[in-house]
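Below are two forms of the same protein chain, given as structure tokens: structure 1, then structure 2.
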Structure 1
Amino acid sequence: MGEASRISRYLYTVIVLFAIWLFLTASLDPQELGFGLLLSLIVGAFTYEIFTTNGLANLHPKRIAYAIAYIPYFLWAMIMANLDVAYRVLHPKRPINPGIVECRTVLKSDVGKLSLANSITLTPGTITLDVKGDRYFIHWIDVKDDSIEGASKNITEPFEKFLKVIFG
């Protein structure tokens, strides 16, 4: 691996760690900023090899824009799923049709697949049970279509349009 790649991966790791520090401390005090930067530089030196393979390429403006857009999209999906589950629980006839469905993903990176699995599980009414390659096995509270294509269209595809740009 080239020296430029190692430096890129190290700088990216430091930037991410420092951003996490800023988020957690919520302080712009110069002493805290200095300590957070120092800590990020030290921790980054020991962890950059396992932290990223792409380095600064992860900070492409298109990826950042999609990541920012994904947050409200995911929150909206979570709110709508919460309302749907609440309706099903409170309805006198409990209109549920639970089942386990198989979905396929177009995502290739492990981090992208992990993010998809977590997004599915954090959305009420669905739980990712297992992931094998590009196949996801999901418990769905109201199976609308048990075919692989239909389940994928309803469950994985809405998230994938963002995640495939963010994670490649």
Structure 2
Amino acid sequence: MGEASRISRYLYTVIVLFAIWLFLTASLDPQELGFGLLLSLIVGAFTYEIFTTNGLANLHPKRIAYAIAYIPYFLWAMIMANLDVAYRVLHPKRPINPGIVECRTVLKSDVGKLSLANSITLTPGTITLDVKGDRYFIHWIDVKDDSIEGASKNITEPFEKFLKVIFG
């Protein structure tokens, strides 16, 4: 996807900043809203160039729907990860079988790769060590399959079907 226009990127930045302001103040007083909008406009003018490349295209309904569907999916994976950690820590024999494996991803955008790396770090037994192009080097606490295809199927693919739509 090419770069969106400057106006669209600026507006997207302002919308995100204003949404954060709304959550932080938790008040609908017109004075607060007006000042928040003013600050969002100023901060947005300084930061929109590094904040986003897609602009308002990020607010496409399909992307938002997938992002909302991703939240419970991700939280569930995170809870599973923690139960997994609890099992490994509390088990007297300490059943770990660690190693560094390599994965491939189909994601193209940098934001998509970042969120995939974050998701990998917070889900069962894996932590991202380095990312080079489409290659992920992942420290896996319990290596089941050390080939590239096998590791990708176990680690990255469950998230890619969501992140492909959200970030492209």
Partner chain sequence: MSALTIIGEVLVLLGTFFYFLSALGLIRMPDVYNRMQTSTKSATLGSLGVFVGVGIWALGTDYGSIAWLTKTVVIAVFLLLTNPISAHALIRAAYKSGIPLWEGSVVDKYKEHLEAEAKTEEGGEE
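Rigid core here is just the name for the largest C-alpha set that superposes within 1.5 Å across the two forms. Here, residue number means position along structure 1's sequence, counting from 1. Worth saying up front: this structure is predicted, and the values here are computed from it rather than measured.
Only structure 2 of the pair represents the form predicted in complex with its partner chain. After superposing the rigid core, the C-alpha of P30 moves by 2 Å or more between the two structures. A C-alpha shift of 2.4 Å is found for R88 between the two structures, based on superposition of the rigid core.
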